[in-house]
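There is one chain below, alone, in structure tokens, taken in the form predicted on its own.
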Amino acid sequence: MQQTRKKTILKAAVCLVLLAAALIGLRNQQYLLTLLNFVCMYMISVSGLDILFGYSGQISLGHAAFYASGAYTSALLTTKLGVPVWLAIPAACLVSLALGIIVALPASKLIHHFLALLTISVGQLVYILISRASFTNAMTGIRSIPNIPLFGYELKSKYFFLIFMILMVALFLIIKQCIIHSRVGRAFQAIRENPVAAGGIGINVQKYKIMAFAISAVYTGFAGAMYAHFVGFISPETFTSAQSVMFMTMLLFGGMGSFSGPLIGAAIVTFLNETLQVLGSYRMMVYGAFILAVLLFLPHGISGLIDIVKQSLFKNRGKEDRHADA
């Protein structure tokens, strides 16, 4: 037990040293800093989607709705009502939480394609609302969204914003792991495997399904608020169905129901998305191809492939050790 803990601490220390070195080298790379900030936002959002889909088995193809609710709530409160940023961000999470519960009430009774259709509809309804409502400035969008203040300083620099986002990613991942390894997380996984059997052993299936939606919505709503304050401008074009598809692509490509899957998927798909900008609207075709490829050849995503490689290496090492002993 102590050796395992020491190894974990050593790995964490090495990762922190490598991360610090990478941050120092990236200080003047504005383009990369921008992409890495987006990667961190997507890591948080996709980790929330993983709690919903990867651990509780509820598909969502309208997660851009929660992303939009977080972004617009924080943007409207700070620009039109003058609410301090550090009050607007929790408010954005609460609005996303409320929206998640509202969606979850009917969604908890649906499965498979019926659930997918419901979440698509919610995403479209939210998009129509923000693109036509006068209080959201419709297609004009919201400008001059304030920077995040921290210890008396504003996070204007992309470099310092990235450091802040890395800390937020770490915080949300710790919370996720605490949830997954708790009684709630075990209930999520039981429902994912067999909702009928889970109900048979006393688990309140509807309650935990609603809880999974709510937690996932908070994660994505927080990421949306970070997007608004980082970019300083939001408009409905950011929160289309394409954004929901990208979240799902990241999760499937990285691997569902794992710690590293959302992180890997968010990083790879974000950078891939930038390289495919020249394709314009054809990017959606590429995302569709990715989803098909993952479902057919990598059902557990990149993280599952890494686990298979690790297992094969350990098996080979075990065989070599036995031959050496012989």
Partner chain sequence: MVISLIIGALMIGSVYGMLALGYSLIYSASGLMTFTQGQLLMIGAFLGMQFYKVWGLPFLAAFLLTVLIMFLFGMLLEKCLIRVLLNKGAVSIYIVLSTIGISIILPNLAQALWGSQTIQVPSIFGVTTVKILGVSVQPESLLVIAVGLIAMVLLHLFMTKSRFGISMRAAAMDPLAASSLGINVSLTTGLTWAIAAALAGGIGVLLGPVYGVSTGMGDIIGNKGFAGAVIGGYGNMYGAIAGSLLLGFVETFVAGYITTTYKDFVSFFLLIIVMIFLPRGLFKAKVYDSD
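Since this is a predicted model, take the numbers as computed values, not measurements. Numbering follows the first chain given and starts at 1.
As for the form predicted together with its partner chain, it is not shown, yet the points below apply to it.
Judged by heavy atoms within 4.5 Å of its partner chain in the predicted complex, the contact stretch among the candidates 22-30, 55-63, 35-43, 259-267 is 55-63. Listed residues A170, L150, I163, I128 were compared with its partner chain in the predicted complex; I128 is the one with a heavy atom within 4.5 Å.
The partner is absent here; in the predicted complex, the one residue of I120, L155, A104, L77 having a heavy atom within 4.5 Å of its partner chain is I120. Using a 4.5 angstroms threshold between heavy atoms, H229 stays clear of its partner chain in the predicted complex.
Its partner chain is not shown here, and in the predicted complex it never comes within 4.5 Å of any heavy atom of P146.
Contact between V278 and its partner chain in the predicted complex is not found at the 4.5 Å heavy atom cutoff. Contact annotation for Q124: at least one heavy atom lies within 4.5 Å of its partner chain in the predicted complex. For the stretch 190-210, the set of residues having any non-hydrogen atom within 4.5 angstroms of its partner chain in the predicted complex comprises P195, K209, in sequence order.
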